[in-house]
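In structure tokens, one chain follows: the form predicted alone.
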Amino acid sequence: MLIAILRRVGLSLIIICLVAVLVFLATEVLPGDALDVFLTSDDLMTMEAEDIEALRHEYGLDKPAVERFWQWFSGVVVGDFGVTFIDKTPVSDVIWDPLLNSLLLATVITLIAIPVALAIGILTGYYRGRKADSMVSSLAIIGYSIPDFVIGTLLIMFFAVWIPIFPALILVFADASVLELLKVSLMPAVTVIIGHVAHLSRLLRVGFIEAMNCEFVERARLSGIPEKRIVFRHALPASVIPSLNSMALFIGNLLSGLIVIEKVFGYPGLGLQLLEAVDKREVHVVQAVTFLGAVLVIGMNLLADLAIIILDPRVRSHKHE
């Protein structure tokens, strides 16, 4: 088991390094360099060539690409993503509050979505083939098929325009308190939950049905074990294991998937900060947000793999591990 864990950790570190290379190259393949992307056509017309070269030297853009990548990546390892072009503010200071806000929203979504998906998956799997199963499954397919921005717009129409319970647009700053953010995070959270709970519950339903049809469940029933204990003590853990990777992907993709939702509601998170950085041509901010989103996905997949290794004896005893 230790070898399998070390192998997964080593593979994740390699993938993170490859992601860093890809994120850096994504700006290098553009015509010109980061300064050309930042400067507008009016800036290029009014500035002298010597001034542009001085700026390029100031930001280290006149160095070879390999040297610039190593300087950027060595800073990323210690949390230094460089400075912004406009006001030379450290990128880590720019994205810190939006990152915390997005993590708060992602935590709220996770704490609601996972238990709801588990409950729906267990109920529909246990009562499979019945009218309730068909109804819930149909609603799940509909919810999964509707894009998040459509669900968000409908919620705004219902609960902000027609029934003014919640504000149509979130008007809090990025450095707002946790309590203020929690008050305005319900509709964005519900928007994401409606679409993604449907997918997770379908996966859990399939896993639960397979677990309930296994031999160990039949032996438990023949031994006289109560049905409730069979469901929660034996079938449920076995049904969750195949869905761990999907749950990890769901949690890991929340930061990148919240971009549209944060734009729709005006939530001051990392997605909204990324859109503003693209609009202002702040390449360093775009690099930082993209890299952090990829690292989160890789980290959540690593945790899911480690959980599977620990919980599933078949993986621990596999000869290739």
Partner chain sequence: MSNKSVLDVLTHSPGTSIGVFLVAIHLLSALFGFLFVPYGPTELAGVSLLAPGSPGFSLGTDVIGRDYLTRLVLGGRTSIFVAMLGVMIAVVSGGLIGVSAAYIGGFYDDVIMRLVDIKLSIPGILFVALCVVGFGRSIPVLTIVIAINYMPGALRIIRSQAMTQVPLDYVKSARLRGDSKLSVIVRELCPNVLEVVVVEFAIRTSSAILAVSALSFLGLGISPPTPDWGLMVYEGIQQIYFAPWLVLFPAFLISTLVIGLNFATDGLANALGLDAARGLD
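The structure displayed is predicted, hence computed values, not measured ones. Positions refer to the first chain, counted from 1.
The same protein also has a form predicted in complex with its partner chain, omitted here; what follows describes it.
Heavy atoms of no residue among Gly82, Leu302 and Ala307 are located within 4.5 Å of its partner chain in the predicted bound form. In plain terms, the part of the chain that comes close to its partner chain in the predicted bound form, with a heavy atom within 4.5 Å, is 199-207 out of 119-127, 219-227, 106-114, 199-207. Not displayed here, its partner chain is kept clear of Leu179 by more than 4.5 Å at the level of heavy atoms in the predicted bound form. Its partner chain is not shown here, and in the predicted bound form it never comes within 4.5 Å of any heavy atom of Val78.
Using a 4.5 angstroms limit between non-hydrogen atoms, Tyr144 touches its partner chain in the predicted bound form. Using a 4.5 angstroms limit between non-hydrogen atoms, Leu22 touches its partner chain in the predicted bound form.
Interface residues of 258-295, taken as those with a heavy atom within 4.5 Å of its partner chain in the predicted bound form (partner not displayed): Ile259, Val260, Lys263, Val264, Leu274, Leu275, Val278, Asp279, Arg281, Val286, Thr290, Gly293, Ala294, in sequence order.
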